[in-house]
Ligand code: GTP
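Coming up is one lone chain in structure tokens, specifically the form predicted alone.
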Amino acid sequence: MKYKRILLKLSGEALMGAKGFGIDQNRLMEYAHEIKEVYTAGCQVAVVIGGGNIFRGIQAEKGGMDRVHGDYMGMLATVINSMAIQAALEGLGVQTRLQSAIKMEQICEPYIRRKAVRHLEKGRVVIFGAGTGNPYFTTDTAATLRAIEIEANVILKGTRVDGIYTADPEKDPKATKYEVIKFEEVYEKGLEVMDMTAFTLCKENNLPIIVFDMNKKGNLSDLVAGKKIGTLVQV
């Protein structure tokens, strides 16, 4: 196993599956099985998931809502998704803990770094909800921050595309894929990997990112085992 401790970042939109909104139960269970596979192999797994399938603060702002208000609503959406992932994993016999950056004791623990690390060491999947707990920060930034705090070996960003390309492969058939790319090259070429705050945090803390296709069965396990899948971003 190449990576002992990972942070898996999933987009909320990915949970929609074939649906246009909300949570597709089939997709949810597919992800739960993938996570269980690496968990069973002995990898320590932390998860951050977005809330875009339910609510996006930036979209709310465009509709005239106050950005701060919208962002807090988006954070609550991530907690709903986190609870869904938690329920799916526990249904498969995986021990989990859900920690939230916004206190809501009835459904999850408050985020405490030491407790999060202890849970991982005890063999529990730790799910981080409610972003950073602050408006104006994305779940990419939350994932990066938590990964640095728990000293994860890598951020695995699961998407519907199998890596980083020279252009959008869904729009440009001539787009070519990068196997490995340096942080500086991403800046220079203006490629979209994460939001700039999250990306800079990774660079400054020498935290590699792997962008890969989460929807392909077995990809997560193969990555953790050390196979070259997706695109590796490194210093």
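Throughout, we count residues from 1 along the sequence that is shown. Computed from a predicted model, the values in this text were never measured in an experiment.
Just so you know, the form predicted in complex with ligand GTP exists too; it's not on screen, but the next bit is about it.
Taking the partner from elsewhere, Arg160 is found to have every heavy atom lying beyond 4.5 Å of ligand GTP in the predicted bound form. A residue is said to contact a partner when one of its heavy atoms sits within 4.5 Å of a partner heavy atom; Glu109 meets this definition for ligand GTP in the predicted bound form. Shown alone here, Glu105 lies within 4.5 Å of ligand GTP in the predicted bound form, counting heavy atoms only. Remark: Lys122 counts among the residues lining ligand GTP in the predicted bound form, judged by a heavy atom distance of 4.5 Å or less. Partner contacts here mean any heavy atom within 4.5 Å of ligand GTP in the predicted bound form, and among 128-136, 113-121, 160-168, 141-149 they occur only in 113-121.
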